[in-house]
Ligand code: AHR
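Okay, here we've got a single chain as structure tokens, the form predicted on its own, with questions on binding and movement later.
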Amino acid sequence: MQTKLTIQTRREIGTASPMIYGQFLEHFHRQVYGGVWEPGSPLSDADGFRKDVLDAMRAIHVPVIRWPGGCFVSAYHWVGGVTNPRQPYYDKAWRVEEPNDFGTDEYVALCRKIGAEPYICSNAGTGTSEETSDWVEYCNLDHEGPWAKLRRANGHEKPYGVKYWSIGNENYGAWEMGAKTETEWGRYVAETAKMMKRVDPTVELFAASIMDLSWNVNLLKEAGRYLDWISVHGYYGGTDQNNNYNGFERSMAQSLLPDRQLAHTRGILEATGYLGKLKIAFDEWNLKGWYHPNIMSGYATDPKDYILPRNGNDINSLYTMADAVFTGVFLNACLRNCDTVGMANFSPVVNTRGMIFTHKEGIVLRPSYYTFLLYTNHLQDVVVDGYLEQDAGFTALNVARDPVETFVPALDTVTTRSKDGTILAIGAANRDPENAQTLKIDLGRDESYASGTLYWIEADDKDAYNDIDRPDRVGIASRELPACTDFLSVEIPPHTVAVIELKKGDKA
């Protein structure tokens, strides 16, 4: 099947923020303890961080990590994670004891080790505005007040300079500790933001939002003048009560949703007068929702009914090329909306639904990891106009409450170029489970490239996955492309994500 992509390299959509390749880390199951942090393991460094996990995150140039939640944060009191001795407590979100061994200091150390910006999400559930502003004092003041002095006493003389702060998580939801009405939320955010900005006027503030006009009208009326971002979330498959997820084709139908959500959120910002003033942070997203049965409903009393099932999140066979292709389509949507979307955080980075799986002897890189590896190493900064004409595709059940067949276009693309115009890089996700797609690229008049490379995620089946006993079934492949002028045809394999990288200059 042949699809035409017409590119106008001089028509810029905007400059993409590297923050869209951000990650998320929550105190849930094995994400922190036994994930990024495992003191005593022969695979860990002197500070307790898993060296193999750090290396994997460095390879995808993680720009920012959101922490500590998630639902966890809405009953988390940060002081217990910085005092000596640490103060364990019972985490009512996930119904386990939190040892508090990994707190603010360890989190900032993780970010520093991989060169990522810290992004702290605050307790807007059981916490107070003052508690959150005290956290800013601990992180960002030099010496003034008891909290900056405590940080210095903990061995961290210089301020951390945490720039990004989210007020709350999903406080619009009944599942969240300290859920609030839209009226309550607007006032809480305004008072919290006011106190935070008085501690450090340079911080950038986010507020938990939902794609609802009434919620945002109240939020922005009360607190919009203090905010820099609105935070939205998206999970697209399954429920927290079961671990049965959609197959490849239906997952591809779900990949149509992020574009629509971003258009809806853009419309809300425009309707409220904040388009161009506030940026969108899609700061929790994944194809698959987290599996944690009998905890937010049902209230099981036996841990084997609500804790042990969480191990089901770590079954590697669940994470297939559907996850990789969905990830490519999602990132393409963020890039195409780079004038509004400034950050996105894959949820989470390690274990449970993460792209990195840890075990006692090493790690497994799941298929979604390779999408990030391709995009962060080969796509460029400037997003340019690309018009895709295609009839190729297939039908699959959509994600409505009453499912119906919907048409799913085979290819989804985004076009980027370097600032100096010497490199053109096209991200292409082929949703078709079985068929390769020929992409005929109209480069524009007088455009020529001396060399090129096609990179793609190689997998022998749409349901292929990596596991401990077969860690390399899914990986990156490449082949050289010919020099080209005006037009180029490239075959994109089925069920994959690819990058077409073209370079100007002399032929080798």
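Residue numbers here begin at 1 and follow the sequence given. Bear in mind that the values here come from a model prediction, so they are computed numbers and not experimental data.
Beyond what is shown, the protein has a form predicted together with the ligand; the following relates to that form.
Contact with the ligand in the model of the complex, defined as a heavy atom within 4.5 Å, holds for exactly one of Y188, W285, F102, W290, namely W290. The contact with the ligand in the model of the complex, taken as any heavy atom within 4.5 Å, belongs to W94 out of W94, Y306, Y236, W147. Taking non-hydrogen atoms only, Y226 never approaches the ligand to within 4.5 angstroms in the model of the complex. Although the partner is absent here, C71 lies within 4.5 Å of the ligand in the model of the complex, judged by heavy atoms. The shortest heavy atom separation between F394 and the ligand in the model of the complex exceeds 4.5 Å. Although the partner is absent here, N351 is not a contact residue: none of its heavy atoms lies within 4.5 angstroms of the ligand in the model of the complex. Residues with any non-hydrogen atom within 4.5 angstroms of the ligand in the model of the complex fall in just one of 243-251, 297-305, 108-116, 167-175: 167-175.
Taking the ligand as it sits in the model of the complex, the stretch 371-391 never comes within 4.5 angstroms of it through any non-hydrogen atom.
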